[in-house]
Each structure stands twice: as C-alpha cells, then as structure tokens.
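In the form predicted on its own, a lone chain appears below as structure tokens.
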Amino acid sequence: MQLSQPANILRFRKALLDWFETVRRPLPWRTERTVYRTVVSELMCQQTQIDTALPYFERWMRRFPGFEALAAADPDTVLKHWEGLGYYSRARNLQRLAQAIVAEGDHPKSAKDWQKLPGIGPYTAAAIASIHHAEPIAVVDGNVIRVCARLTADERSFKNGTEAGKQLGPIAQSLLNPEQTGAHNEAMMELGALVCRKANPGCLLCPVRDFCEAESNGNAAELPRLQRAKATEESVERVWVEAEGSILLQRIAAKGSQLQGLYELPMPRELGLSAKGKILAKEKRGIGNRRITESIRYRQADSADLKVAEADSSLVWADAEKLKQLPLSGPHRKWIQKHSAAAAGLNPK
C-alpha cells in the first residue's frame, strides 16, 4: 500500500499503535512518567543500548531523584554515577540542564525551547515535547530513520545519520498521529528497536509490513545506506607510577573532550614525566572512529615523579579506597583492575 495516500496513513497509524499496545516494554521511565525521568532516559540512551542503560538509570534515580538534586550535586559525583556509559558530555550536559531549569523555576514546554538547553538536540526535544506536552512533532532517531528508509525503499546514500534524518524527517512527520503524539513516537522507536532492526530485520513479524516498499522489494536489510566514517589509528604512551601503595592518575582537563573531568593513567610527554619503565601492557580502545593503542609502562616513583606530581594540580595519588571514589574512564578502570597483580609482581620489594 502506498503511504502517500491519506487513507493508508490512517491504517498505518492504527496498525502501529495496536501493535505497540501489545508489545510495549515496561521501561522504568514509562511505568513512572515524569519530565525528569524522560529527560534522563533520553540522554542516557543516546549512543547506548537500552539494556545497558537500565541499571545506570535506576542507580542514577536513587542518587539524583529530580532536577534539584542533580543541580546541587558535586560534578565528580555526577561523573562517577555515569562511569562506564561513555560519552561523558551527556552527564555534564544533564547537570547543566538541571541547573538551568532550577534557576528558571520550570522546564520548557515546546521542542523549540527545549533545544535551548545543554545537550538537547532536535530528536531529544521532540521526544520530550511530544510525550509530555502532546506537541505534534515527530521523533527522528536512528530507529525512525531506519523505519522510514525501508517504508519508502529509499536507496540514496547518506553521508551520516544527521543527513539521513534531515531527508527522511518529513516522512516521519507525515506519518505522525496528531492525536497520540507521544505513543506514536515511542511506537516508531520501539518498532525500529524490536522488529525493524539494523541487522536481520523481522519483516515477517512486522505490524506494518503491508506498507513497506523495501519488504516488497526484498532489500530491507540493505537500508538505509549510511557511509561509514574512516577509522584512524593512534598510539599513546602511558605510565603506571606507584608510591607507597598509591597510583598516579591524571584528571583530563581538555575542554570539549568527552572524557573531561575523568581520571586516567598519565601521558608522560604532556606532563614532563619520564616515559621509562617496563612495558606492563598494551591495550586498545575506541573513541568514535579513533582506534587507539595505549602502551603502559610501570615503575616505582622517583624524586622527579614526586616533584612533578606535587606541582601539577591535574595529578593525584590514589590508593585503593580513593580509586573507588574517583570517576575513571571505563577502559582505564578495567585496565587498572586487570593489571594490578602484574604490577605488584614488578615491584621490587
């Protein structure tokens, strides 16, 4: 059926919502609806799978139950409760957003006004405004882009998701049910997450397969066509410096970095530290399209290390208890735990 015909759009909306009523996941931000819980869930689930985000969401709510608690929290505590989720600018933006809302005395009502707050783009603003204020604006995230590309069998090659969203957004808007905006948007996202998956789409189980041109053409799995960003390879030197049961860590201060405010093993050349020591490990990590190999050298601190650490406020000595309290990047916490025994074996006591 052609979705360009008004009668078919009405049938599409009904089929979608009927299906959603039967499969709707009882996610914690759905079972207990508040603007705050929706905002947190939307930012938390950007770049993160829902199943991964769920335990973080529950822990976050216990520690920061509302805008006021989050606004007043220590920034290190905020980052600590985000530790492991990655893309840490989301946590910093959440706190700045909470502070702006508390200062204003209320939260925005329209998608346009939501976008004035830190970390809120068109997709997140549309989700919040449609769910809580019934604004007739379609959500256009990766799931919705995929659904729309397949419904219309759009075989164009898009540079990235942003470009695809701009081109396919009008289709999502034309399909939007103006009488049930929030439920419709959630249903579209749920359809992309559960059925119209990136790989192995469940076309036979799709509630709207009769409206899908790509399913009829047999090429649903190939769409949408997004160009992949070219990966870059990098090498980084790190030092694992110990003194009296403590390990030297560096707080990342670079503005604009996803890891700003987190702690990692130091990069010696940035700090004037020596890069000497035995190779303890070589580890790999990915940040966006960057593929980074980090070589970690171990040594006991000497007088030069102690002098640099005393003079540089970005450096801190952390014993086992302090390691539990500081917000570390996920890879570095894992590596410290993984190689602690080996490091102890290199310590000439």
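Heads up: residue numbers just count along the shown sequence, starting at 1. In this text, all values refer to a predicted model and were calculated from it rather than measured experimentally.
Keep in mind that the form predicted in complex with the DNA is missing from the display, and what follows is about it.
Colleague: Choose one stretch from 237-245, 79-87, 207-215, 266-274: the one whose residues place a heavy atom within 4.5 angstroms of the DNA in the model of the complex.
Modeller: Stretch with heavy atoms near the partner: 79-87.
Colleague: Looking in the model of the complex, is the DNA within 4.5 Å of a heavy atom from each of Ile50, Gly119 and Ile287?
Modeller: Yes: each residue has a heavy atom within 4.5 Å of the partner.
Colleague: Would Gln99 count as a contact of the DNA in the model of the complex, using a 4.5 angstroms cut-off between non-hydrogen atoms?
Modeller: Contact check for Gln99: no, nothing within 4.5 Å of the DNA in the model of the complex.
Colleague: May I ask you to check whether Thr152 falls inside a 4.5 Å heavy atom distance of the DNA in the model of the complex?
Modeller: Judged by the heavy-atom cut-off of 4.5 Å, Thr152 is well away from the DNA in the model of the complex.
Colleague: Report whether the minimum heavy atom distance between Val308 and the DNA in the model of the complex is within 4.5 Å.
Modeller: Flag for Val308 set to no.
Colleague: Spell out, yes or no, whether the shortest heavy atom distance between Gln180 and the DNA in the model of the complex is within 4.5 Å.
Modeller: No, Gln180 sits far enough from the DNA in the model of the complex that none of its heavy atoms falls within 4.5 Å.
Colleague: Consider the chain as shown here, without its partner, and state which of Lys282, Lys322, Arg63, Arg30 has a heavy atom within 4.5 Å of the DNA in the model of the complex.
Modeller: Checked against the cut-off, the match is Arg30.
Colleague: Using heavy atoms only and a 4.5 Å cut-off, determine which of Ala111, Ala71, Cys203, Met189 is in contact with the DNA in the model of the complex.
Modeller: Contact residue from the list: Met189.
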